[in-house]
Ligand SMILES: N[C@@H](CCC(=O)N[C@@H](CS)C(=O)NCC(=O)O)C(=O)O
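A single chain comes next, written as structure tokens; it is the form predicted alone.
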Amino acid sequence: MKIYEFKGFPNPARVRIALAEKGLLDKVEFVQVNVPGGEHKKPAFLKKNPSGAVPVLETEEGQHISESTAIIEYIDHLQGAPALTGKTAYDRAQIAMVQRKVEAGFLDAVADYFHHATDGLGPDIEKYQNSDWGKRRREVAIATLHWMDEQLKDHDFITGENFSSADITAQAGFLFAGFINLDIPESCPNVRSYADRLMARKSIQQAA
């Protein structure tokens, strides 16, 4: 199994964390794709993922899976515990729901701010930018952090007492936010404690 990635980027980090949680980090060959250099937009990589984004998983049979959530779903079913995407029908739906809220409202919103309201990856990569949209997405990210703070009032993790794929997405959001100096608001103490707990987790340290 291969993972095409650019190490240190948020979405590849999600896959690395999932692999670490499942004890599979040493079972994977990581292939680095020079995203800042535009390699992800070259024909050779676009054959693997027409969207031109990392990460991409390549199975032993040569099949390709893109999109971090799909890759984590695949990894989660390769072997047993811990279950990152839920065990029961309700758990799976709950985790998928919260994961999508965190992804769209926090991780993706931070990414939109980076790509549109900052220099992003530079003019050779950022062919279109809308600064107003980027700034609006920063507001969405902060609003989502306040929503997460409410969710975390009585729980260690974003969907309850068990670590899940939703927490992996949140950690990727914290990594990206830290990179662009978007701090957790002081009015979100539960999120601050949560972020510290995630950073202390063994799988997240292994994936760094």
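Since we're looking at a predicted model, the values are computed, not measured. All residue numbers are counted from 1 along the displayed sequence.
This next part talks about the form predicted together with the named molecule, which is not shown.
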Query raised in the report: Any chance all of 105, 149 and 194 sit within 4.5 Å of the named molecule in the predicted bound form, going by non-hydrogen atoms?
Result: no
Requested in this report: Just give me the single entry in 160, 52, 37, 178 that has a non-hydrogen atom within 4.5 angstroms of the named molecule in the predicted bound form.
Outcome: 52
Report summary line: For the named molecule in the predicted bound form, the stretch among 89 to 97, 117 to 125, 134 to 142, 76 to 84 with residues bearing a heavy atom within 4.5 Å is 117 to 125
Report task. Mark residue 41 yes when one of its heavy atoms lies within 4.5 Å of a heavy atom of the named molecule in the predicted bound form, and no otherwise. Result -> yes
Report task. Indicate whether the named molecule has at least one heavy atom within 4.5 Å of a heavy atom of residue 14 in the predicted bound form. Result -> yes
Requested in this report: May I ask you to state whether residue 164 is within 4.5 Å of the named molecule in the predicted bound form, using heavy atom distances?
Outcome: no
Query raised in the report: Contact between residue 171 and the named molecule in the predicted bound form at 4.5 Å, heavy atoms?
Result: no
